[in-house]
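Take a look at this one chain, the form predicted on its own, written out in structure tokens.
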């Protein structure tokens, strides 16, 4: 094995597959030359499909071989130039062109049969010499990536790693400025600051904590990046309002909002709360999805001090 792959390990799987592909293409080029076939390896999928069928549109070819339309279109142009393929109008739709083999292409399709037999036998022998059947392994790997791409798998691992560095801590006076700034950031991005915002953000101790509420702070690598408050309510239906949840734009996508929500709900339960309330706006789709994930459901009929509020939700606690 290449020493680089020994050192890099499986994180270099893409590079290794590309190198293997390049090696196979190099051999394929030599094999075509050995059989006097004027074909390029990249043409093979298009050539094979058309040799098995009379004619097909570029879209149909692209769908069958799993290539993009522009990629197939480029290959077809190259093969038309070499007089292997030709275009003809579709019998049923004059606006559409179908692609078919020329007499030269049909002759090549007949001549290549021996090459197919020899290549298939050589591949079978190679696979039988292997501990693992690479053909089936690739098939399984492709299936898994169809279910979830490598990009999304890496994104999930990134989130899991980063979330381990998030710590949820109780509010302290030193977090007063982050509490205010984080909330002002999202409010002014979508709406405008209102009087109720100013009261709670400028005086969290007086407006929230001294009245029996709570505030939690999310630290990422010891830096405050998220906050959430539990405000005591004078309402016969609700004990507390979940409010002033904010996450720094730099820290979004790490699951911090969910951690804050779960933490503040746990605080409410420890205080004997039976039902929580919140207000939001449907333009904040990620926030609304988060609240649903936390178990909140939409309610109506409550007065609100906020102009921006167009949805109200509640959570019944066990």
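Rigid core (definition): largest C-alpha set, two forms, superposition within 1.5 Å. Residue numbers count along the first chain shown, from 1. All values reported here derive from a predicted model rather than from experimental measurement.
Unshown form predicted in complex with a further copy of the same chain; subsequent notes refer to it.
**Q** Quick check for you: of 274 to 282, 288 to 296, 257 to 265, 56 to 64, which stretch puts a non-hydrogen atom within 4.5 Å of a further copy of the same chain in the predicted complex?
**A** Only one stretch passes the 4.5 Å heavy-atom test: 56 to 64.
**Q** For this chain shown on its own, do 174, 269 and 300 all sit within 4.5 Å of a further copy of the same chain in the predicted complex, going by heavy atoms?
**A** Result no, not one residue of the spot touches a further copy of the same chain.
**Q** Pick from 81, 95, 161, 222: which residue has any heavy atom within 4.5 angstroms of a further copy of the same chain in the predicted complex?
**A** Looking at 81, 95, 161, 222 one by one, just 161 meets the 4.5 Å heavy-atom criterion.
**Q** Taking 4.5 Å between heavy atoms as the contact cutoff, choose which of 184, 139, 87, 167 touches a further copy of the same chain in the predicted complex.
**A** Checking each option against a further copy of the same chain in the predicted complex, the one that comes within 4.5 Å is 139.
**Q** Residue 145: heavy atom within 4.5 Å of a further copy of the same chain in the predicted complex?
**A** Because a heavy atom of residue 145 falls inside 4.5 Å of a further copy of the same chain in the predicted complex, the answer is yes.
**Q** With the partner left out of view, is residue 304 within 4.5 angstroms of a further copy of the same chain in the predicted complex by any non-hydrogen atom?
**A** It does not: once a further copy of the same chain is placed as it appears in the predicted complex, residue 304 has no heavy atom within 4.5 Å of it.
**Q** Do residue 8 and a further copy of the same chain come within 4.5 Å of each other in the predicted complex, heavy atoms counted?
**A** Output for residue 8 is yes: heavy atoms within 4.5 Å of a further copy of the same chain.
**Q** My question is simply whether residue 49 lines the interface with a further copy of the same chain in the predicted complex - judged by any non-hydrogen atom within 4.5 Å.
**A** Yes, residue 49 is a contact residue.
**Q** Scan 130 to 156 and write down, in order along the chain, each residue with a heavy atom lying within 4.5 Å of a further copy of the same chain in the predicted complex.
**A** In sequence order, 130, 131, 132, 133, 134, 135, 136, 137, 138, 139, 140, 141, 142, 144, 145, 146, 149, 150, 151, 153, 154, 155 come within 4.5 Å of the partner.
**Q** Quick check on residue 71: with the core superposed, does its CA move 2 angstroms or more between the shown form and the other one?
**A** Residue 71: C-alpha displaced by 2 Å or more between the shown form and the other one.
**Q** For a quick test of reading the superposition: does residue 277 move by 2 Å or more at the CA between the shown form and the other one, rigid core aligned?
**A** Stays below the 2 Å threshold, so no.
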